[in-house]
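This document starts with two versions of one protein chain, written out as structure tokens and named structure 1 and structure 2.
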Structure 1
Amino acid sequence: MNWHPAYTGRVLAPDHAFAADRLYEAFLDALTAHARTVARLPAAQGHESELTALDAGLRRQRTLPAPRPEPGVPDLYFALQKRLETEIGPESLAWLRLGLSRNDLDMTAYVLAAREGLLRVARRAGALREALLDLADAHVETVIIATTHHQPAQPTTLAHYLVAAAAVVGRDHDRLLGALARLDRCPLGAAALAGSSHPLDRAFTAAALGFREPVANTYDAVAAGDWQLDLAALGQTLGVGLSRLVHDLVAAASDGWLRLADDLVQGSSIMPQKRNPVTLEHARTRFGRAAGAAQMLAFSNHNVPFGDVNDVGPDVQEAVHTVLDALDAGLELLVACLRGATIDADRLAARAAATDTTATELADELVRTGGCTFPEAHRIATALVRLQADRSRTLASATPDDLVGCGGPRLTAEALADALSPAAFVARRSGIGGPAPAAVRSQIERGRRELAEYHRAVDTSTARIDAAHRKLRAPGKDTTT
């Protein structure tokens, strides 16, 4: 068959190239598992030599590059089938075709490859939360000024901020584990959509490929694209959420209190002083790429028939891997930046002392010891902030006389200084989730416990899949057990 040049150039050639690069091993795994399932059928008894040749032929393909495109051969699967027939003969190849459709084979290969990519992202996401918690552990007493609406708001600590970011990543961990669980079902054995009249042991096939179980409904196995939308949702949530963290890190590098390692910055061709935080910029673009490719997945799944169609099959696999590859790259870059970062705590402390962001604690102190209602205390604190600003003085330099002059009660100099201290502001907020050092250390400990549980879940899935792969790919194994 000679196809139209447009179809060849725009569809067949790029699809073959993508499959050869990203799906070849997944195809071989799926075909091997199917061949070993067929070998268990009653109809296969007495044909051991043909089935052994088939299994050996599939193993040999792993030592060879993927078949190249040929005229009249539409895609990688048919090219692989042609090469196998030449090597092992049509009698052995015939058993591979029994009960197998391109529909369930393709979907299985897509899911297998996506699962590998998702596990890589899962491991990177674990490394990110660990890096955030480690950096937080080192800065539980490093005071920063948090902003609201782009304006200085209240003192907190760098650790408090980082643990908050780590909590977001922790929820991403839950989403990743959920996506992995929903991806842990094998489509193979569904054939075109109705299964096979041969008693294929789909549970055996699933286990051979490291899946927990087969997809329960054969139509669902070849028609559904919601697992791709799971990945789209991850691309959006992870990509957009982490871009906010990167935004803040770039701003911190610009402000000068965060310094990236020398091997993560670039200089300028004309400005000798420059240390451009380009690694963070590249991380940000990767997260944007993941979020953008997620839209491709959503639109490709929109308003198409619930069945085997190219929209949710070969035509969307590049977008699937763009999401996963971009997340993987962005996470790796971001972890490297956090691991190599140094923090100028003295600069942060000096900036904190120069602000008026402790005014809330002054109002609270006036309620606590000065007998004021909070609205009264708010008004007095506001007046003191304005007075000090008009004098071009810091709020922390205010005296008890200044407070009385603004209509407030007289506090001792020590009590007023403590109320206006950024460090004291932080220390007094020791409740659940607060920024006080002891409260943040508790949050870090909880985060580490959750992270350990996450690592165990990812490692357990990885170990099961790796064990299945070793058995499936090893030479000389019994093909019927």
Structure 2
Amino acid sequence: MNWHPAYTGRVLAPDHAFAADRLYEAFLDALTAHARTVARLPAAQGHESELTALDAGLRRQRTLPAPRPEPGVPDLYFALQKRLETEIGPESLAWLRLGLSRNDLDMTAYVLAAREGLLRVARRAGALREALLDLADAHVETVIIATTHHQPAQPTTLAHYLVAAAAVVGRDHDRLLGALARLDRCPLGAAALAGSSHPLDRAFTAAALGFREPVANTYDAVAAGDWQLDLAALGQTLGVGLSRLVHDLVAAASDGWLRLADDLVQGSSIMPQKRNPVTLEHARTRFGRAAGAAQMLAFSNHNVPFGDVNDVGPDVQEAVHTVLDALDAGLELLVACLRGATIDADRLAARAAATDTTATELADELVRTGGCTFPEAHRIATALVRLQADRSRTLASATPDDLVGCGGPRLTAEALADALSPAAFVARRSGIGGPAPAAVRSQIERGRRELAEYHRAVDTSTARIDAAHRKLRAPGKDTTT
């Protein structure tokens, strides 16, 4: 067949190149699993030598590079089949085609490759929460002034902030596991869409490929693309969600209180102090890419027939991996930044002391211990803030006399200092979820417990898949579950 140059140049050639680059092993895994499933059919009894040759032939392909495109051969699978036929003969090869369709074979290869990519992202996302909790651990007492509306708002600790960020990542872990569970089902055996009339043992096939189970409906197996929409959702949710953390880290680096490791910044040969936090910027763009690339998956799945396998098949797989790779890269860059970061706690402390962000706490204190009503307390605190600002003094340096002068009760110097101290502000917020050191430590512990559980879930899947791979890729035909 001589296809039109547009079809060859725009479809067949790039598809072949992509499959050779990213799907070759997945195809061999799927074909091997199918061949071993076929070998267990009643019809295969008495044909052991052909089936053994087939298995060996497939195994040998693993030692060869993916076949190159050639004229008249539409794609990688046909090229592979052709090479295989040369090696093992048509009789052995014929068994491979029994009960197999491009639809289920392709979808299986796509799902295998996506599962691998997704697990990689899942592990990186685990590393991110770990890095955040580790950094939090070291900064349970590092007071920062949190901003809202880009203005100093309230004292809290760096750890409190990092635990919040880690909690978002913890929910991303839920999302990743949900997507993984939905993806981790085997399409193979669905044939074109209606399954085969041969009694293929789909549970065996699924186990051979390390899947949780076969897809429960064969039409669903080849036609559904919602696993791609799950990946799109992850690309967008993680990408956009983490962009906010990156934004804050960039601001901290620009501010100077967060310093990236030397091997993660770009300097200026002439201005040695210049430390462009480019790695954070690149993380930001990777997350933006993940969020944007997600729309390729959305459009490809939109308003197309359920049975149309191109839109959710070959034509969208590159986009699937664009999303996964962008997340993977963004997470790797971000973890590297956090792991090598140093925090200038002195600068943070000096800055905290200079703000008047404890004014509300003073008012609360006047209610609590000074016998004021809330409105009175508010008025007095406001007056004190103004007085100090007018004298260009920090609020923290106000004296009991100043307070009395503003109409307030007389507090002891200690009580007043305490009411105005950012660290005391923090210490006093010891309820569920608050920034007081003990409260944050318990949040960190909870985070670590959740993370351990997450790691267990990811590891369990990985171990199941690894075990399957060892059998599948090993010499010797295996036809037992």
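The term rigid core refers to the maximal set of C-alpha atoms that superpose within 1.5 Å between the two forms. Residue numbering: sequential along structure 1, first residue numbered 1. These figures come from a predicted structure and were not determined experimentally.
Trainee: Quick one, which of these two is the form predicted together with a further copy of the same chain?
Mentor: That would be structure 2, which is the form predicted together with a further copy of the same chain.
Trainee: Using a rigid core superposition, assess whether residue 265 undergoes a CA shift of 2 Å or more between the two structures.
Mentor: No, residue 265 moves less than 2 Å.
Trainee: With both forms fitted on the core, give yes or no for whether the Cα of residue 386 moves by 2 angstroms or more between the two structures.
Mentor: For residue 386, whose C-alpha is compared between the two structures after core superposition, the shift is 2 Å or more.
Trainee: Would you say residue 45 moves its Cα by 2 Å or more between the two structures, aligning on the core?
Mentor: After core superposition, the C-alpha of residue 45 moves less than 2 Å between the two structures.
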